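In structure tokens, the next block holds one chain alone, the form predicted alone.
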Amino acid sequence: MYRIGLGPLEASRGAPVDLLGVMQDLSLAVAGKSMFSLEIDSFGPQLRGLLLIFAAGIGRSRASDFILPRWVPTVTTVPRARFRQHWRTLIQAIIARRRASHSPGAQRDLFDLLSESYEDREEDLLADEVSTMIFAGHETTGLTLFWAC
């Protein structure tokens, strides 16, 4: 399902299909391949699930985000902390899989460039960069493909 291609469209045989979901899955597969040289199959459903949870609710700005200091608990404090924990664990698992599966003589990808630029810094900075690129790149590309169709 998360391999690069339009299999869900071909399988629908003219039946209604969630085109936005298909395009977002496609863009996630492309992001996984171009950034990590990985098929994103094993992580795709978890990534999409977390991305949808974030975009549909806890990622939306609220008035309290702008008015209150960050240390003041709000309705979204606990859900956002849980999301960050799950997201960080998943991103670290992807990074670990990429490092374990990539041979030294393999073709370079975006992760190689990011790793080199963060080699002397904390691993958390690299995970933050990867997170931003996956979320922003996947969402915008998926929406663009959706509207283009």
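None of the values given here were measured: they were computed from a predicted structure. Note that residue numbering follows the sequence shown and begins at 1.
This protein has a second form, the form predicted together with protoporphyrin IX containing FE (HEM), left out of what is shown; the following refers to that one.
Protoporphyrin IX containing FE (HEM) is not drawn, but in the model of the complex it has no heavy atom within 4.5 Å of Ser12.
Protoporphyrin IX containing FE (HEM) in the model of the complex comes within 4.5 Å of a heavy atom belonging to Ala136. Residue contact check for Ile94: none of its heavy atoms lie within 4.5 Å of protoporphyrin IX containing FE (HEM) in the model of the complex. Interface residue remark: Met35 is counted as part of the site for protoporphyrin IX containing FE (HEM) in the model of the complex, having a heavy atom within 4.5 Å. Along 91-105, no residue reaches a heavy atom to within 4.5 Å of protoporphyrin IX containing FE (HEM) in the model of the complex.
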